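In the form predicted alone, a lone chain appears below as structure tokens.
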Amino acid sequence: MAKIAEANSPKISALRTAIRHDASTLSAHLQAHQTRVFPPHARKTIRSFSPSEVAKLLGLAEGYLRTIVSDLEARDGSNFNPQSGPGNRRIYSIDDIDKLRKHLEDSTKGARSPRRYVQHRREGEELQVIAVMNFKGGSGKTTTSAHLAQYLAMRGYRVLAIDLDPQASLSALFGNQPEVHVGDNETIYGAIRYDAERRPMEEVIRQTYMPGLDLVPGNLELMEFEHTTPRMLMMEQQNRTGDSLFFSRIETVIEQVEADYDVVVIDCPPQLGFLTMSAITAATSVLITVHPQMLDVMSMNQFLSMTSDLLDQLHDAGAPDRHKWMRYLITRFEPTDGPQNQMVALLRSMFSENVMVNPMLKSTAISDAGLTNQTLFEVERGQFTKSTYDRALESINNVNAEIEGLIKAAWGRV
């Protein structure tokens, strides 16, 4: 055995050296690419919106929007000055939309039947925590999480996005490059760790470039929770100190900031580890992304079986069951693909209403935007043909509107 170990040790050492070298080289190239497409001094933002888009977001007729805008512009000190776009038509920034929403909300106060434009949850309505999950990478999980968080913020909700994936793709989409902008103890691990360096949840939350949307970024530090939890379980540390059990730690820190938000969106890692278990315990609903291909569905079968056993164990350990709904979201769907349509039909026949009505379409607009760490709400539509962009945007809006309906139903509003 010693001879075998000696014979293999140079190969092992060479492998470690190669992996370390390639990791360093790739990291340097990725940082250089990030600097080219998004320089350090640049500020991410959401693209401008047309009057028809703003009217739809606010739930107004476009003619009434023009009246409201004219009234605001005429007021002294209103500081409301939307820009002009092609054809001298007004275009609105995300900050303009936020000002319009607050103005409309204030103007209806005191009315017999006031209409709500700021969509904050009301007294007695529970904070909604949506865990976006899948066991397999490439299912559109992070893309779904990012667009859902941004959509809800644009609709007037107070949203907290939590990047629980050590790969931190959600953080990168929101302008926080994990290798550059996220330091030690600046992820949610800083709030859920077991030692004396644990921080309050509010200290790891960052504002984004969108009103109403905050972020808890991620990076490789999150893996520490997967490594330290087994040791703590073996030592029974939480029993000696009265510290919360591992599966309730995310729920506990979310409760620290519960009053500040209406919806929390958690982008879970593509594995059933301790982070995912804690996210499931914190969640009031679960969204499982599914790419309608046989290998992906087979992987989902394993995911569901393992999750079922996991939920039983969490229940036996005392974890609460607060889940209001679970849905399967078909992602990267190609309507002209025959096998995909057959797979979707099979999923609908098995899971019925638990499969969302609206699928997320596969689109070059979404994938191309992702190449520059942008969402479809950020990239300018002029970079694509109008039909390509509008088709992708309609798909995303339909999916997110359906999820918004589930949130409202959980609050008893519909």
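Quick note: we count residues from 1 along the sequence shown, nothing fancier. Note that the structure is a prediction, hence the values are computed from the model and not measured.
Separately, the form predicted in complex with a small molecule exists; it is not shown, and the next lines address it.
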Only hit among 327, 155, 332, 90 for heavy atom within 4.5 Å of the small molecule in the predicted bound form is 332
If the cut-off is 4.5 angstroms on heavy atoms, which of these, 171, 187, 143, 281, is the one near the small molecule in the predicted bound form?
143
When the contact criterion is heavy atoms within 4.5 Å, does residue 292 count as touching the small molecule in the predicted bound form?
no
Please check if residue 82 has a heavy atom lying within 4.5 Å of any heavy atom of the small molecule in the predicted bound form.
no
With a 4.5 Å heavy atom cut-off, would you call residue 367 a contact of the small molecule in the predicted bound form?
yes
Does the small molecule get within 4.5 angstroms of any non-hydrogen atom of residue 107 in the predicted bound form?
no
Partner-facing stretch of 187 to 195, 202 to 210, 294 to 302, 163 to 171, counted where any non-hydrogen atom is within 4.5 angstroms of the small molecule in the predicted bound form
163 to 171
